[in-house]
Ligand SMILES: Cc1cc2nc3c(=O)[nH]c(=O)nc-3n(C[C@H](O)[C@H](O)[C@H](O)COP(=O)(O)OP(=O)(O)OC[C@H]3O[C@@H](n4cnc5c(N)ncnc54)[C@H](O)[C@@H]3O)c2cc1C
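Presented below, as structure tokens, is a lone chain in the form predicted on its own.
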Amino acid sequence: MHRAMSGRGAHDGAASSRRGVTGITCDVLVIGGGPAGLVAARETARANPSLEVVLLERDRAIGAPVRCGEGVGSKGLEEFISASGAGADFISRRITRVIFWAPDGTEVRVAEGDVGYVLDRTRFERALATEAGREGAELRVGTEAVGMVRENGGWRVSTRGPAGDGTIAARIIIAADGVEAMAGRWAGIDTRVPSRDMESCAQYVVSGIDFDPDAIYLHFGESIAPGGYAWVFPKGIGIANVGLGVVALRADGRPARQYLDDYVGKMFPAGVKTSYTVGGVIVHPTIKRTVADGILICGDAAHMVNPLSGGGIVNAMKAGRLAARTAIDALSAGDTSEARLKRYHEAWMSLMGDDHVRFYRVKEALNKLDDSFFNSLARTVERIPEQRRTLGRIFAHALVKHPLLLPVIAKYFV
């Protein structure tokens, strides 16, 4: 169990943490201990040490279970935590290239250089949690928010944890509770995901397989992963996260794990599966309303995921940092109303949300194309010298082959 307590003295009024029969009070309550919540807690406690910050994580350990492919871009990660040095044991593998596989198996190598990392999410989130605790945030693991009501200008949250049921009164809430997003719903915010924009994902850690350990692989094809794609993310030499995501409405009633079993059996028949995980990935733009009185929603809970790739780790951390800054300003001004907190939504849309709307349109356009288009595109791109292959050139060739993409893609690339 990770529990970090502040060494500061008591503070006046609502700024103090008081234990009693009815529970405790705090200034900022963060619900959810993923990247968004951990960065929100760290940044809030760091920026204003006078604030009492409490984070709730319903699972028994920060960073577990792992429910993603663990890939992240290098520049985005370095904004929040150093990926070099003795303390960066959360890096499983540095990635220097990207390889696309077309439905027919045609291989296209695209990027060379400092592409990104494959993380060890368990260690990564523990590192963020350690930093949040050092800044003075209190982390409560194995403790779940089970309901909340408005009270005295803030929120009273009902909790369930190792010591039984309790309550926490908070002046403001940062909700980073993932795909389920219950806190947002309790606050009257619509966080529902259209079924066509929810991918069901499954992943194995597979060892004893042969691949380029410095590359991530993305494999497309309607028979491979309808509505999504398969991935191979190296964890080391001969070991990788192998997974895929499918859109249920296009999967003919077959679960993601069945597609994954077929995929691993075909691509890596000698591989040994050492662990398994399953989960959902939202491929939908940011929800229209991310705030209400006294609450901000961030990360997966607010659909702050790249709809084209399904990537969300860096997005979540950026949103957590922005939510922390907005919460601190609101508390300092003595105004946590929805009207004031709306500046968080506006800032997010300017930072990344508007781009995600454009990515969603690209995704929708690409979903209308069949496997033959991608096979033909891959063979065309193969003729470009490898050192000159970029995503921009690939899209340029895609436009030549399918001009109907132009109105959509031009909004992003022009």
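Numbering starts at 1 and follows the sequence shown. For clarity, every value in this text was computed on a predicted model and none was experimentally measured.
Quick note: we don't show the form predicted in complex with the named molecule, though the next part is all about it.
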Among the candidates Cys201, Ala187, Ile168, Leu77, the residue which, in the model of the complex, approaches the named molecule to within 4.5 Å (heavy atoms): Cys201
Listed residue that, although the named molecule is not shown, lies within 4.5 Å of it in the model of the complex (heavy atoms), from Ala316, Ala137, Val291, Ala324: Ala316
Residue contact check: Trp231 to the named molecule in the model of the complex, 4.5 Å heavy atom: yes
Non-hydrogen atom contact Thr143 with the named molecule in the model of the complex at 4.5 angstroms: yes
Pro285 within 4.5 Å of the named molecule in the model of the complex, heavy atoms: no
Contact test in the model of the complex: Ala176 vs the named molecule, heavy atoms, 4.5 Å: yes
Proximity to the named molecule in the model of the complex (heavy atom, within 4.5 Å), stretch among 68-76, 101-109, 261-269, 82-90: 68-76
Members of 29-54 lying within 4.5 angstroms of the named molecule, judged by heavy atom, in the model of the complex: Ile31, Gly32, Gly33, Gly34, Pro35, Ala36, Gly37
